[in-house]
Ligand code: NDP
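Only one chain is given next, in structure tokens, and it is the form predicted on its own.
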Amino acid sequence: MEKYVFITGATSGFGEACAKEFGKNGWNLVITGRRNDRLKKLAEDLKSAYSIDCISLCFDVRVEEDVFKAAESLPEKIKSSIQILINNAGLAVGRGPIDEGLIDDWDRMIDTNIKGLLYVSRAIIPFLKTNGSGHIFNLGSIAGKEVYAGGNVYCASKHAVDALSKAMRIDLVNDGIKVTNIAPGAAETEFSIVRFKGDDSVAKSVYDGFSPLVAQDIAETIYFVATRPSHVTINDLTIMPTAQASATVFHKA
């Protein structure tokens, strides 16, 4: 039986690393994101490297109509073969006191991290239920476990992901669908560049003095969890760099 993984935010970071990890291990892919050139190149590279099927769908998870249109555009044989959904698309924008926050930044985080995850889940879960099994991975954060200064709305959005993961697990247990919340600590991807709006020097300074996680660490962890026996579900995983003990406690050289 053919098996597919549906990945959001696959043009960089954790999503791209997951696509490569699953592709390397023989899984077919549906990769999605907003940057079509990157998506198409990644799809071609993965098909060439691993002799798998890889479909790219370009849309913004914040746009409800586009999410459902993209999901429905998939051939029936692929819909019936999706076994894993990786809700990876997410971002942080800005950091500072809540009374100085920009409403546009808040909207982007809430619309992407919460509503986007909900739209994609609502579109894909019926396929998993029809298939009689499946596994959903929601990319949360240590920010969904602890709140830190200046993180207010981003932390709130990732606390929502944590809660939604628990709720999905309860709602879908009778359908044989696993749900796993993945909560990384500091990881060097495009995350800080986006948060600090393209300021490379500030973004790089976040990781000064210690070795952060990299995208491959998360991809390998997700693949491990996805390949546990059918009777085993890992509901929640917090993954930290060795030098990070909590959201704000680091050992820096």
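Numbers for residues come from their place in the sequence shown, where the first is 1. Here the structure is a predicted model, which is why all the values come from computation and not from measurement.
Another form exists, predicted in complex with the named molecule; not displayed. Remarks below refer to it.
- Residue contact check for residue 43: none of its heavy atoms lie within 4.5 Å of the named molecule in the model of the complex.
- Taking the partner from elsewhere, residue 64 is found to have every heavy atom lying beyond 4.5 Å of the named molecule in the model of the complex.
- By the criterion of a heavy atom within 4.5 Å, residue 228 is excluded from the residues contacting the named molecule in the model of the complex.
- Taking non-hydrogen atoms only, residue 60 approaches the named molecule to within 4.5 angstroms in the model of the complex.
- Stretch-level contact analysis of 68 to 76, 165 to 173, 152 to 160, 125 to 133 against the named molecule in the model of the complex, using heavy atoms and a 4.5 Å limit, identifies 152 to 160.
- Scanning 91, 177, 82, 110 against the named molecule in the model of the complex with a 4.5 Å heavy atom cut-off leaves one residue, 91.
- In the model of the complex, the named molecule lies within 4.5 angstroms of at least one heavy atom of each of the following residues of 138 to 167: 139, 140, 141, 154, 158, in sequence order.
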